[in-house]
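Here you get one chain, nothing else, as structure tokens; it is the form predicted on its own.
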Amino acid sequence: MTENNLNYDQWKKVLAEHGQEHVLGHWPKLTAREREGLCQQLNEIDFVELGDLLAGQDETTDFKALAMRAASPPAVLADGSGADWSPAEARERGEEALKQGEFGAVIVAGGQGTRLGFDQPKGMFSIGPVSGRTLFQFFVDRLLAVNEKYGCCIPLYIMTSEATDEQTRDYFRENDNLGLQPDDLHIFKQGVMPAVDSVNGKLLMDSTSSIALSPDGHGGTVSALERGGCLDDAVRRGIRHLAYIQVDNPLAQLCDPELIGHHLMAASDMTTQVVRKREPMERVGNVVLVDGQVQIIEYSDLPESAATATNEDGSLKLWAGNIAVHMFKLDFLRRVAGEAASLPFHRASKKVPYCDESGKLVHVDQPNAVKFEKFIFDLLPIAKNAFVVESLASEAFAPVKNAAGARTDTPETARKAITDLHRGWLEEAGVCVDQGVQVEINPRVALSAGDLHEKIEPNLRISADQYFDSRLES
């Protein structure tokens, strides 16, 4: 009996037990390679877990009732109030932690640039308003700058997906890791979950030899870090905390010492950076306090009555918008990685093309499938001393999500935010920047406005677009 036949017999029995025998319906016509690939996919699926999800044994939440009990979370506000320590004390504590090598960095980069009209991993998208640097370059340059300033060596863990893994690895290899040492760059792939028919729960096939799989959400980062050996690597290095961002926000303050300091001084398992929502129904998660626990209610789950509720001064009661920037205690992540119930699955109704019994690919115009995802912010309710830090959106949040022409979160709005921020730094340092001129500062020149004062010639005038990398004159 060949290995393929053995695998077939095993999987025929397992699939029959779970009512999914149709997956092997085209087996006789498959090549040896196709059979091997299908069996590899099956090996990645936890059928007991999937069965529980299909049976509705995953937890559901009454978000309306939750929102009625929701209040503002414990937070350090952008003006520095809200904590027993000052921003200066937080920065000093964060700088010391960086010097001691206590931090590693995680970038979630599984998304493609499809919505941007870009057919490559989003991290490879050119976002620098003058330099044309990619999103990956923005963050690696920042890490290198932090390393140089504080004499540390921050390892970078980049999570890809099946769709972005190969191209991401090729990109870093072909560009000398963007300046990172090979031992300081770890690329790992997130897990997947199958899409199922929303009516009968059957696994959908995207070809006769392949199950329709999709990434298991940013909440899959935790198990993927463990599976990829990254948590063990961090322990070996003496890392005690991980800074986490998503790749689509070029203003994300990766390993910012002040944010690190707030996290440490709060003795928090998980700290979340937020900005004030621009409007009540903004499409960001709402960070709230419910029954003594910090958690996030997604914009799609928040009733309008709760979203628009205001305080006496007219400000929003639920003001804290999640920007997917977190700090994690490493011991906390190692613990929850071993607890399957730490992160629940969420259901999403999606349109998924599928291969029918005849082998024909069927395209759909209405949602026909259920996908299952985990969200990293679901760790907040179980985190000890979960804490929130507010930053100004102009300094920390300019996501690249929508194609040109959309109202918000486009490449154009992100590039303008970068230029506006760096223009402010230069003007604070006594530089005159003509109207309409674009400026961009590499973090290896300055990580903040304060870094510029001693590096740039005052009374300088900039009358043409300029990228400051190593030169500080026009």
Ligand code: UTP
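Note that residue numbering begins at 1 and tracks the sequence as displayed. For clarity, every value in this text was computed on a predicted model and none was experimentally measured.
Form predicted together with uridine 5'-triphosphate: not shown, discussed below.
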item: In the model of the complex, the one of G113, G82, G101, G228 near uridine 5'-triphosphate [non-hydrogen atom within 4.5 angstroms]; value: G113
item: R133, K202, K329, K401 - the one with a heavy atom within 4.5 Å of uridine 5'-triphosphate in the model of the complex; value: K401
item: Residue contact check: Q246 to uridine 5'-triphosphate in the model of the complex, 4.5 Å heavy atom; value: yes
item: Uridine 5'-triphosphate contact in the model of the complex: H218, any heavy atom under 4.5 Å; value: yes
item: Exercise: V294 in contact with uridine 5'-triphosphate in the model of the complex, heavy atom 4.5 Å; value: no
item: Distance check, Q190 to uridine 5'-triphosphate in the model of the complex, heavy atom within 4.5 Å; value: yes
item: Listed range touching uridine 5'-triphosphate, judged in the model of the complex by heavy atoms within 4.5 Å, from 273-281, 388-396, 115-123, 71-79; value: 115-123
item: Residues in 86-110 with any heavy atom within 4.5 Å of uridine 5'-triphosphate in the model of the complex; value: V108, A109, G110
